[in-house]
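Read the single chain below, which is given as structure tokens and is the form predicted on its own.
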Amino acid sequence: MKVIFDDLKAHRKAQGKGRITDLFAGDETRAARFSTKAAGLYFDWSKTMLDDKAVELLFALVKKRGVLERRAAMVSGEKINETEERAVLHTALRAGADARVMVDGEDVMPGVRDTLSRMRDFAKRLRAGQIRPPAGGRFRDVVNIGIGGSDLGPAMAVQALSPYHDGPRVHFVSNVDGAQISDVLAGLNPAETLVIVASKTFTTIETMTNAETAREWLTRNMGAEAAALHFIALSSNDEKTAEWGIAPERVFGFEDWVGGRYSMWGPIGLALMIAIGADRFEQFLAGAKAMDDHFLTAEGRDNMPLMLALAGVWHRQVCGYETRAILPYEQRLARLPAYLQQLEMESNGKRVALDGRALDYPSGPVVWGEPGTNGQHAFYQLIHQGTDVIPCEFMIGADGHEPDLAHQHRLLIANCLAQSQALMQGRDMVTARALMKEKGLTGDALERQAAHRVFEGNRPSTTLLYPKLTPHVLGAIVALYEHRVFVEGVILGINSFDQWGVELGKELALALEPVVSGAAKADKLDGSTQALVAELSRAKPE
């Protein structure tokens, strides 16, 4: 199967020791030709070693792998998640009032619109104080309990859109570590707290353990009957939610054709809707739809998700770079790298192709990052002068939400642009020697000190620009990356919409819990795990 990348690898080898700066020197139109606009975003991939020949070969690969046909199959409701026999229709959640999407011969859009209408009504009434705690007053705090896709998406978006918050305060609990829920609940008044339990099956062990802790906290303070009225559920398991005493009108379900990490466009996004209001939530959906429409209609290198994906394939599968850094120069996007870790690594972290055969080329990269400028004082040293090349994906807005601090935003922009420029240009030994000579160094000392100040440069980066971080813009950014993951997955020949790799650890954890608690023996475990259980038992304070 690896033959699919052979022509690209041969071209990369033919580029030899060519430099990105040489590509600019040979083409004064490069910046314009290696960038595109869509849905209010501007994407620049000119600071890479992608040239016209590489793009031509990548598009040949797109054709060979049937990316456009697979795209059509996805949005039309075909069951492209083959290992689970499911359609993949997160795009339907933001498709709009006039859309018609068929699954198994049935139009799913009336159900989508009905759920969105119920969400809108609930959020509006809650924000207006019409949905009240049983003891009276208002719900001033909302705690969203979920994990994975039921946490990362809404938690990221709520933080990103904090300038638009005008509803109850929203908090998130995901980790089964009791420290997190303890810290969150410690600062809240139970009589004014609404708890959202986000679990499609209502059986996710971490989520339900935290939900039980929240229920005990509420029950201690107001009794079991009143506590039940402090819960709503984002779940499709009506039987389980009824057992919890959650009224049907407070249960918001979603279909199996919405994967967890693609789900914040529907009920999983209710916490966001509560925070920013239904109208702004629909702007968020509209931004995603604008990117969907672009992805489905734009051709060739004008298609932003396609080019973002092809840059990723070029760097990972062709150049062999093992990681990619997500570097938003926007503090409110601090959780975006973690969100994209799940989106990309859970989707494309696979070892077999759709036909079950082992891959003989690398699958998805390691995705990581932090907001700028913090990262500049942490890991950028390795990015600039380390032995590994790490493609960087910068993001920056033209404007911030603090007009009285515009001078700080200008400094932020300058830092972002400077970092991508420095990664590309670097600093050669001649320049480094001149710098040391100015400091009065000579001989071996000059050479030694100059060597430490050489930057190899020629390190690739892309930059995504946007006007301002609004609900519409955030929706477009997230949809852009969703489609990027899809395209990369099709090119790799894998299923981007299952996640069997997370299951084994869950199964083993359930089996180990009785051993850890002392209710079962550890004698059937491997030697290392037996020793660790014993040591944990000895280390536990009396």
Ligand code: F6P
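We number the residues from 1 along the sequence you see. Predicted model, so just to flag it, every value in this text is computed and none were measured.
What comes next is about the form predicted in complex with 6-O-phosphono-beta-D-fructofuranose, which is not displayed.
Quiz item: Does 6-O-phosphono-beta-D-fructofuranose come within 4.5 Å of any heavy atom of residue 48 in the predicted complex?
Solution: Although 6-O-phosphono-beta-D-fructofuranose is absent here, residue 48 would stay clear of it in the predicted complex, with no heavy atoms inside 4.5 Å.
Practice problem: Classify residue 365 as contacting or not contacting 6-O-phosphono-beta-D-fructofuranose in the predicted complex by the rule of any non-hydrogen atom within 4.5 angstroms, answering yes or no. | Solution: No, residue 365 stays farther than 4.5 Å from 6-O-phosphono-beta-D-fructofuranose in the predicted complex.
Quiz item: Does at least one non-hydrogen atom of residue 31 fall within 4.5 angstroms of 6-O-phosphono-beta-D-fructofuranose in the predicted complex?
Solution: It does not: once 6-O-phosphono-beta-D-fructofuranose is placed as it appears in the predicted complex, residue 31 has no heavy atom within 4.5 Å of it.
Exercise. Would you please decide whether residue 64 lies within 4.5 angstroms of 6-O-phosphono-beta-D-fructofuranose in the predicted complex, comparing each non-hydrogen atom pair?
Key: It does not: once 6-O-phosphono-beta-D-fructofuranose is placed as it appears in the predicted complex, residue 64 has no heavy atom within 4.5 Å of it.
Self-check item: Interface segment, criterion being heavy atoms within 4.5 Å of 6-O-phosphono-beta-D-fructofuranose in the predicted complex, picked from 287-295, 253-261, 90-98, 428-436
Solution: Residues of 253-261 come within 4.5 Å of the partner.
Quiz item: Can you pick the one in 516, 502, 509, 60 that has a heavy atom within 4.5 Å of 6-O-phosphono-beta-D-fructofuranose in the predicted complex?
Solution: Residue within 4.5 Å of the partner: 502.
Exercise. With 6-O-phosphono-beta-D-fructofuranose left out of view, choose which of 472, 316, 459, 200 has a non-hydrogen atom within 4.5 angstroms of it in the predicted complex.
Key: The option sitting close enough to the partner is 200.
Quiz item: In sequence order, which positions of 122-147 have a non-hydrogen atom within 4.5 Å of 6-O-phosphono-beta-D-fructofuranose in the predicted complex?
Solution: Residue within 4.5 Å: 147, and no other.
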